[in-house]
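Okay, so here's just one chain, in C-alpha cells, the form predicted on its own.
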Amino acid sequence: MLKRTFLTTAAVALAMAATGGAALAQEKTKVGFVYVGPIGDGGWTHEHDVGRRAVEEEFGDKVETVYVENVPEGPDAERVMTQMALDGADLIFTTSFGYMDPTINVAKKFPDVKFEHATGYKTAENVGTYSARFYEGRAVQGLIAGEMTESNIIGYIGSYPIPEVIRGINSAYIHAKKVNPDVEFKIVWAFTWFDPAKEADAAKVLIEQGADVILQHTDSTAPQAAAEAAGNVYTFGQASDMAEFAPKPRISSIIDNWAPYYIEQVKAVMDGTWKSEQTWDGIGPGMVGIGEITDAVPAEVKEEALALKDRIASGEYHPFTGPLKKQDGSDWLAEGETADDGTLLGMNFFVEGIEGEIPQ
C-alpha cells in the first residue's frame, strides 16, 4: 500500500513537472474592487459593480472577485487596499479619483500585485489608469438641456472641482449655448460623490433658483426624486441609466460601461500580458453610453442629439472645438482648433459665459 501511494505521488510530481506546473496555473485569479459608494447607489458604484459581475460571468470558476463598498477617500482606502493585497488579490481596481495617492502608496509595497486606478493620472510599473470621456456624453446632455429649458436656467450639481467635473460642466454649457444663446448655468458644489441628502438639497436649491433642467456629477438618484417631487423639472441619469425615473424627470442619461475593460484587464493578468497603461475612451469605443432619450423630448431634438452622438463617436466632431474663450475672456481655441488631451486632463478653468468661480 505504501509503495502504491509513493508511486502515485511521484507520478503526480512528474506530471506537474512535465506540464510546467499546470495544476498551479488552475488557481483562481483574485480580483478586488474598492468602491467609494454603496453598490446600490443606482449610479457610479452600481455600474462598476455591474462590471465586476461581468468578470465573474466571463471567467466563471477561474476567477474570484471581492469588493469593499463605502470606502472614504484617504487613509481608509489605503487600509482596504493593503488588506486586499495581503489576502492574495492579483489585481485591484480602485474606482474613485481620491484613491490615487493611496493606490500608488500601496502598489509600492506590493510590486507583484497589479493595480488599476479609475480617473487618476499617476502610474507606476504595476499601476495603470483608466477613465471615460464623460465630457462627450455631457455634450449630448447639454444640447438636450438647452432645447428643453423654458426658464433658460440649467442647474448643475458638481461633486468636487476636479478636471473631470469641470470638463463636464464646460462641455454641457458649450452645447446648451449652441442651441440656446439665452441659457444660463447655475452650479452648486456638493463636495461629495455620494450623499443623497446633500444631493437632494442641492437639487432643491437649483430649482428654487429657477432651474427647470438639472444635470449632476454625483452618484445617487436623490436629485431625480427631488425633481420628480417638484414637477416640471427635467433631469439626466448620471453614470447609470436611472431609468426608473423615466420618461420624466429623467429624459436621458450617461451610462458608464466598464465591463469590457474589466474583462480585458483581468484576461491580461491571467495571460501574463498585463502592463501599465493609461486608457481614456469615450462614446466611440463604447465606454460612454447615452441612455434612451424619452418621448418627453420632442422628436426633432432627439434626432439632433443622436446625430451629435454619432458625430462624436465617429471622430468627425470634438466637443471642444473652437472658437472658444476662457471665462476671463482670453483666447483659448481658434476657429476649428480642438483641445488637446493634456489641457483637458488638467482643465482648471470655465469657458466664457459660465458665471461663478471654481472653488479652490
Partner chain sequence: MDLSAINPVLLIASLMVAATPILLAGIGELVVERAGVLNLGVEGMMITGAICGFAIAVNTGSPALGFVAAAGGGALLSLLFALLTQYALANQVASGLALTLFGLGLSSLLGQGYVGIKPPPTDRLDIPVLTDLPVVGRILFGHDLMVYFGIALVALVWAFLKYTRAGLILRAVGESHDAAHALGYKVKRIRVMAIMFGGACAGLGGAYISLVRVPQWTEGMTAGAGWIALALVVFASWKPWRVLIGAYLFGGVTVLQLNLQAAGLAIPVEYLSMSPYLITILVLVIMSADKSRAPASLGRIFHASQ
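Please read these numbers as outputs of a predicted model, since none were measured by experiment. Positions refer to the first chain, counted from 1.
The same protein also exists as the form predicted together with the partner chain; that form is not shown, yet it is the one meant from here on.
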Spot the stretch among 262-270, 221-229, 174-182, 139-147 with residues whose non-hydrogen atoms come within 4.5 Å of the partner chain in the predicted bound form.
221-229
Could you tell me if Phe134 has a non-hydrogen atom within 4.5 Å of the partner chain in the predicted bound form?
no
Taking the shortest heavy atom distance, is Asp41 within 4.5 Å of the partner chain in the predicted bound form?
yes
Would Val205 count as touching the partner chain in the predicted bound form under a 4.5 Å heavy atom rule?
yes
So in the predicted bound form, does Val188 come within 4.5 Å of the partner chain, heavy atom to heavy atom?
yes
May I ask whether Glu277, Pro285 and Thr321 each come within 4.5 Å of the partner chain in the predicted bound form, counting any non-hydrogen atom?
no
Could you work out which of Asp212, Asp90, Asp201, Asp281 is the residue within 4.5 angstroms of the partner chain in the predicted bound form, going by heavy atoms?
Asp201
